[in-house]
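Let's start with one chain on its own, the form predicted on its own, as structure tokens.
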């Protein structure tokens, strides 16, 4: 088992690993068995214990035994560990572990002491990752069609940095295509108009307004809190000779040949004439057909230029991640094939982002880029705020459909995850201010032994944050942070609300400074986790609401 950090779960995973090594040394377990599938994690049902491991289930077959028998070897040794109260075998061989309460008190103290550093890890070990996102054609201001990819890419980059990767945020400027030519002609006509020339109606197919280009795009993205490290130019890639170099490399590997492709699907055979083209053997890497890299006129295809661009990224990165719109689905396999051919290994993950439907009170807001009536990203941010936009974009998995209703995203209710999470942090901030002002003789240090079992249950949930960060980083799924924060906020609100029926269970007890101080420490720890998670998402932790 490879563990990157000394978190609570990693510590116990390391102890389990030591036990497995000891069993090997004693001849009770076959040596050399791959332990990577072994996990130490929270049980699905909290009533079953604090930790659970699948070690016996995943190792037994290769060890030549059955899971229950292996579990019976592991459980007594786990139970003998410091801080372990019991280790019970469940079902066919899972082991549920109960820990001493001091473990959770110590973890709460660690959360408060480590502050913003809690949850950061060395999982990535400095591995260089290039995250490319947005990359819209520079033909106008950012609109809501670009927003979700911008947030997903930016949050993913922050998540990877939090997990110890060296991240480059990149924007690929598509400045060599037909749309940019249309932009140039549109700008020229407007230039003539500014000089007093009568230009009449803008011809069909040309943009009606002058695009603001990259500087306006940067400004629009800045309103969303998105900033890139690098803007790469498609035109510069083509002019640099990188395309020739890329396909010289692929030709040397025997992956380029002259051939004929089958007719396009759905096109009558009589309407198609076979032509010999220069092709890349992308089928060797899982694509459904080989891909042309030169057009009939001898110019490079877009795929060829895109391959060269990815080659350049590989020269400075160990791993590539592209955040693309769902309309790029058809180009994923060929691009991954090219990257694998160049890198000698799979090195590109593509996260496809579904479009967002804009609603206002349940009614669809229509957008039209050509007519100039689309809703810009800046307009949405101005209306509801950067934090609301960013959090909302992460409340669904990137490839799931999403509705963005202007009314619902600012609704002050528990059904609105943006509000519910920020309200939890604001509640905690308010509590801390009130405690200092209203509770006399508040101790400097907290006696955490005063916390009850329900309160320690909240600590157990908070302690999952580091493993949530690592698992989200490995899966390239920043929405997992939003989901977790929603669960944590809901659990905190539930604990807070118990004081509505029983005043003795409130966080702030004017006549009991000792218990108030202990519960204040608990609230501070939860507030710290909320703030750390929101920071990954690029969302401010509200101090008051």
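Positions refer to the first chain, counted from 1. Take the two forms, superpose them, and find the largest set of C-alpha atoms that agree within 1.5 Å; that set is the rigid core. Predicted model only: the values in this text are computed from it and were never measured.
Although it is not shown, the form predicted together with the RNA is what the next lines describe.
> Considering 401, 258, 125, 449, which brings a non-hydrogen atom within 4.5 Å of the RNA in the predicted complex?
Replying inline: Of the listed residues, the single hit is 401.
> Among the candidate residues 334, 105, 162, 143, which is the single one with a non-hydrogen atom no more than 4.5 Å from the RNA in the predicted complex?
Replying inline: Contact residue from the list: 334.
> Does the trio 27, 359 and 387 actually contact the RNA in the predicted complex, every residue with a heavy atom within 4.5 Å?
Replying inline: Not one of the three qualifies.
> Is the gap between residue 52 and the RNA in the predicted complex 4.5 Å or less for some heavy atom pair?
Replying inline: Looking in the predicted complex, residue contacts with the RNA include residue 52, since a heavy atom lies within 4.5 Å.
> Is there a non-hydrogen atom of residue 44 within 4.5 angstroms of a non-hydrogen atom of the RNA in the predicted complex?
Replying inline: Output for residue 44 is yes: heavy atoms within 4.5 Å of the RNA.
> Does residue 406 make contact with the RNA in the predicted complex, using a 4.5 Å heavy atom cut-off?
Replying inline: No, residue 406 is distant from the partner.
> Could you tell me if residue 61 has a non-hydrogen atom within 4.5 Å of the RNA in the predicted complex?
Replying inline: Residue 61: contacts the RNA in the predicted complex.
> Of the listed stretches (285-293, 309-317, 113-121, 337-345), which one has a non-hydrogen atom within 4.5 Å of the RNA in the predicted complex?
Replying inline: In the other structure, the partner sits against 285-293.
>> Where, within 508-545, is there a heavy atom within 4.5 Å of the RNA in the predicted complex? Residue list please.
In response: Sequence-ordered list: 508, 545.
>> Would residue 259 count as moving between this form and the one not shown, using a Cα shift of 2 angstroms or more after superposing the core as the test?
In response: The answer is yes, as the C-alpha of residue 259 shifts between this form and the one not shown by 2 Å or more after core alignment.
>> Taking the rigid core as the reference frame, tell me whether residue 277 has a CA displacement of 2 angstroms or more between this form and the one not shown.
In response: Yes, shifts by 2 Å or more.
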